[in-house]
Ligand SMILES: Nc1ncnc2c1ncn2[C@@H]1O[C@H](COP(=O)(O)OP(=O)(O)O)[C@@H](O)[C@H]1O
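Here you get one chain, nothing else, as structure tokens; it is the form predicted alone.
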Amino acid sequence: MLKATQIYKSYQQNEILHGVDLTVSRGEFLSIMGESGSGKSTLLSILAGNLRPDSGSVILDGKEISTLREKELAALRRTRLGFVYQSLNLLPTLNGEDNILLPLYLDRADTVRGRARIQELAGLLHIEKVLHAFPDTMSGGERQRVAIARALIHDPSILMLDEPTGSLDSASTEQVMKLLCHINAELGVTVLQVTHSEAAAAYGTRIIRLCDGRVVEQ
């Protein structure tokens, strides 16, 4: 489904990724583990098309995405990929429902159908009570689940998450990870997370470890 080959990336002459090879199969829940500075978030951004590699290829369902134009990449991200950032990127001036619908607003898509989809996701993610609340009144776990709902609003093929439990307490971490397992197993969404947490990584069906920009175990 998703294949990265010989991915290299440098910042200011510092090489972050050193020839990373990676394959993600349809329907799996893959955890990419690594300490801070290992290159895992950079790799995730490249796999999502948010960042271009210096060299190497990223192929999604047979299509090379690392050479697509920005407009094509943006369309791909809005329709095929769901991305949850570590900072969540919820807009403070929008309530939960409008934050979830934001990708559809930007894509000028069918928001009537989207609102029906919200009700499904709200029940799945247990966020019915915060749909009309603003982010600063939500708990950390609620904000995380709203961000996940926004990533799922357009039925993506792959859900990508950058440190999904990094700012959560242990109870919220367990709740969010169990929800991700449910999304993966019951909805058939491929899940790809990067994390430094052994506990979070263990929820995946497979773990890949990065160290200093190289895959050291898979």
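All residue numbers refer to positions in the sequence shown, first residue = 1. These figures come from a predicted structure and were not determined experimentally.
Heads up, the form predicted together with this ligand isn't pictured, but that's what we're talking about next.
Put simply, of S66, T173, N184, S38 only one has a heavy atom within 4.5 Å of this ligand in the predicted bound form, and it is S38. Although the partner is absent here, T42 lies within 4.5 Å of this ligand in the predicted bound form, judged by heavy atoms. For the chain shown alone, V24 is not a contact residue for this ligand in the predicted bound form, no non-hydrogen atom being within 4.5 angstroms. In the predicted bound form, this ligand sits within 4.5 Å of a heavy atom belonging to I16. Between 150 to 158, 29 to 37, 164 to 172, 55 to 63, the stretch whose residues reach within 4.5 angstroms of this ligand in the predicted bound form through a non-hydrogen atom is 29 to 37. Residues Y11, Q12, I16 are the members of 4 to 22 with a non-hydrogen atom no more than 4.5 angstroms from this ligand in the predicted bound form.
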